[in-house]
Structures are given as C-alpha cells and as structure tokens.
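Only one chain comes next, encoded as structure tokens, the form predicted on its own.
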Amino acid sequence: MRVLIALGGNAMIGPDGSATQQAQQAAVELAMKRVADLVAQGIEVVLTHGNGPQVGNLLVKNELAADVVPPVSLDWCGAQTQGTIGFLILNALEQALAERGLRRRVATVVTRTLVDAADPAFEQPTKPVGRFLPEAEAARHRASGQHWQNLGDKGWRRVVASPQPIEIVDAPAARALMDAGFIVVAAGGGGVPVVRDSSSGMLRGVEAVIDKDLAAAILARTLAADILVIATDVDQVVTGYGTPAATPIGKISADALAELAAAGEFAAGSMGPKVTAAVRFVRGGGRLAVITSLDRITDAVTGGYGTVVRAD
C-alpha cells in the first residue's frame, strides 16, 4: 500500500504557534514518530508538507532587512522552505525509524509545480501571506507594486496569487528515488510555482503560492498512491462549523462531499482546499482520501478514523 501524507505547515511549529528553530525541530520530530509508525507496518509512505508559517517568517525578514540585503521573491522563499523543512524531516524521520529498528533512507526533492500564466488568480490575488501591518507601512509596500488588503482591526495584510496546480514537474525524480528504496519528501509548500515560456518552452518561477493540499492530490495521483491522508489540526471535517448544528463527517462519498462544498460549507482559506483535494484524488482513481489530525494518521490509512472519502 502506498500512502501520501500531506502535513500542514502548522505541524512544523510549536503548539503555541512558536516558530523558533527549537520549536520547529521538536514539532517535526513528533510528527515523524507518527510517520515512522506507518513505515513500521510495512506501508510505503510519501510525504509532502505545508510551509505557510515558514514563508511568512521569510517575508518578515525581507521587509525588515530590505535596506541591507535585497528581498527575494515568493518562489525563492518556497524553495528555501522546501530545503529547510526537508532537512528537518530527513533527520527526524531517520532517527524515528532507527528507534524502531528500521534502516531506511530518506530524500527531499526540491520540487517545481507548473501553473498557468493565464490563471485568473494572477489578476485577483486573494491568498494572505506574512504579517499584519498598519496602513502607513502597507501603503509603502503597495507603492512598490504589492497587493495589500485591509482586514479591519487587525490591520493590512499582503495578498498574493494562488493559482491552480497543473503538474508536479519533478515527480519523475521522486518516483526514481522511491524505486531506489527511498522514502521521499516532495512538493513542499505545494511546490515552487513555475510557468512555461510560450516561445522558449523553458520554466521560470513566478510570484505566487500554491495550496499544498491541491498539489498533494496531483502528486498522489502521479505517484500512484492508493491513499491520500491530509493531516490537519482537527479529527474530522465539520458541517455547520461554529454553530450549534456543527456535525462531524465520517465516511462520505466524493460526490456528497463536493455537494456540501458547493453549498458553501467549508471556508476557502482553511478546510475548503482540503475537501477539494480529497474529492479530486478520489475522482481521479484514488482508493480513498482521509482528512484527520496528525495523531490519528495510523488509523486513517485503514479508513477507520477521520473524514473518509470514497468514490461511492
């Protein structure tokens, strides 16, 4: 059985939201213990991960150090976080496996994800990134061409394009490593967004971020995963969230879940992409998709816990 696990970016920081080096390392070490439990059961695991908090930190560094060192674009930030988080995962997973008497090699692939240069998201940026700023500071960044949005009492926040992923460009490299016996980490943060030049056919990075769950669905299909597990901070998807009528979803068909999504049950900035990713994976031929908490991923791969999405 091949399982692709998509770890949320918040699984890579401390429980109190701390993003210190020590907190991130401790969080990754805890997450990899859960992953190692699956490997110990003979399950073939592929990993991907979010990077929202880490990219946010890099953007703050860009802002604060702009007069000293040149800021870098979002595609560079994404590639940097793939390297940093991948490094933490390599060490932590190899250690967790060794504790279970397993000697497996782990590899991280710096991964590009193809998007369409004509995607409407580039004309209407909506994905919030970085920190909140007062209007005067936000105005300075807006003058340089960035898009910022007034979010009321919290202040202003930068918004960027989040185009739909089309193809995981470096999936063949991930597949070759898997065939050689490696546990692979790929498409971190949804992958580094690239577009293809219409004249030369060459790829170039673009100022955008890609939803990691939507990219995970494509990666899982490309690598012929049987199961997609989206690990988040809740045990199950809930309808009527935040209301007295809140109801957790257990087993559900892809079509029924898609109908709930179309009715506006799931927030676009949080659970919405996870639901969409689960539906796309199952409709694309996957055996099942599960949305659940990191602590329950062992139960998730059997379809015994979480929100379990099947074809029917």
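Fair warning: this is a prediction, and the values are worked out from it, not measured in the lab. The first residue of the shown sequence is 1; numbering continues from there.
Another form, the form predicted together with another copy of the chain, is not on view; read the next lines as being about it.
Met202 is the sole member of Leu151, Leu102, Ala143, Met202 with a non-hydrogen atom lying within 4.5 angstroms of another copy of the chain in the predicted bound form. The single contact residue among Ala107, Val234, Ile166, Ala117, judged by any heavy atom lying within 4.5 Å of another copy of the chain in the predicted bound form, is Ala107. Put simply, Ala180 is close to another copy of the chain in the predicted bound form: some heavy atom of it is within 4.5 Å.
In the predicted bound form, another copy of the chain sits beyond 4.5 Å of every heavy atom of Arg287.
Taking the partner from elsewhere, Thr20 is found to have a heavy atom lying within 4.5 Å of another copy of the chain in the predicted bound form. Residue contact check for Arg131: one or more of its heavy atoms lie within 4.5 Å of another copy of the chain in the predicted bound form. Stretch-level contact analysis of 209-217, 234-242, 68-76, 158-166 against another copy of the chain in the predicted bound form, using heavy atoms and a 4.5 Å limit, identifies 68-76. Taken together, the three residues Ala121, Gly264 and Ser293 all stay farther than 4.5 Å from another copy of the chain in the predicted bound form, as judged by their closest heavy atom. Within 4.5 angstroms of another copy of the chain in the predicted bound form, the stretch 161-180 places a non-hydrogen atom from each of Val169, Asp170, Pro172, Ala173, Ala176, Leu177, Ala180, taken in sequence order.
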